[in-house]
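Listed next as structure tokens is one chain, alone, in the form predicted alone.
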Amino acid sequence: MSRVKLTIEYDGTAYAGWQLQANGPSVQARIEEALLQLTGSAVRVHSASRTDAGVHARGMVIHFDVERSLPLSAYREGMNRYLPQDVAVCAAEYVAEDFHSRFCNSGKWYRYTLCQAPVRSPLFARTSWHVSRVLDLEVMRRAAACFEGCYDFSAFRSSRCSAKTTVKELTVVTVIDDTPLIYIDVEGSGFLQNMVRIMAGTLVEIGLHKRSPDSIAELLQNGRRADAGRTAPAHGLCLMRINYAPGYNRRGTVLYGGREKVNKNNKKA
């Protein structure tokens, strides 16, 4: 068996989310259908993350096992022939047999995009949240910095979230001006359901002077979802990148917590 890692980009507008589900089409289903056509066998893929309905991805990472090795070009150019226009394989690699897209990753980068303009933009409508009023970006940046660190994010999760722990560590939370677009970039080791979208909704309220930037510290302290801002629309959110430590993608060696694990029949890389 060979293990393959793919990096996937998709527009999530038409999908009920990444994961296979009964209530609508999923990106995972489209990927597995393309693999069936390419390899002639049913293949189950494993993802680094799961995106909700309407959420996009530029750097979703998946892995799967196949019995017969194909040229890597088959998993990119070949699969893209079978995929719809809103899903594409960007890169393919053979990886070590103990690589796991979810459990080996060291963090993720999400981007929430706002379109600040007096009139909505048809060109950005599928990938950004239109805000017609002028936002105070400096006060938003001051508030965003309060999220950086290790905190209990109970106030920033969906009522449907089933995570065992609400404590997460964020390394970067920043607000970037690319007029008319404004990016809220969030990087961290893990995320709760709707966490970035609630953070974005709260920061927009701060940018509109509807709440104080000091309220972030209070929300991280009291943990009450009802006190935080609205959940920003799904279509503004994009999974930009999954981070892996150096060595994860080398056949024969995978790094776990900074230590090298050597596969059987392979020497240490």
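In case it trips you up, residue 1 is the first one in the sequence shown, and so on. Values in this document were obtained by computation on a predicted structure and should not be read as measured data.
There is also a form predicted in complex with a further copy of the same chain; it is not shown, and the following applies to it.
Among 62, 35, 219, 238, which has any heavy atom within 4.5 Å of a further copy of the same chain in the predicted complex? Of 62, 35, 219, 238, the residue with a heavy atom within 4.5 Å of a further copy of the same chain in the predicted complex is 238.
Looking at 58, 230, 46, 225, which is the one with a non-hydrogen atom within 4.5 Å of a further copy of the same chain in the predicted complex? Residue within 4.5 Å of the partner: 58.
Counting only non-hydrogen atoms, which stretch in 169-177, 82-90, 134-142, 150-158 is within 4.5 Å of a further copy of the same chain in the predicted complex? In short, 82-90.
Contact flag, residue 94 vs a further copy of the same chain in the predicted complex, heavy atom cut 4.5 Å: Flag for residue 94 set to no.
Given that a further copy of the same chain is not shown alongside this chain, does residue 105 nevertheless sit within 4.5 Å of it in the predicted complex, heavy atom to heavy atom? The answer is no: residue 105 has no heavy atom within 4.5 Å of a further copy of the same chain.
Does a further copy of the same chain come within 4.5 Å of any heavy atom of residue 113 in the predicted complex? Residue 113: no contact with a further copy of the same chain in the predicted complex.
Do residue 71 and a further copy of the same chain come within 4.5 Å of each other in the predicted complex, heavy atoms counted? No, residue 71 sits far enough from a further copy of the same chain in the predicted complex that none of its heavy atoms falls within 4.5 Å.
For the stretch 108-124, I need every residue with any heavy atom inside 4.5 Å of a further copy of the same chain in the predicted complex, listed N to C. Result: 118, 119, 120, 121, 122, 123, 124.
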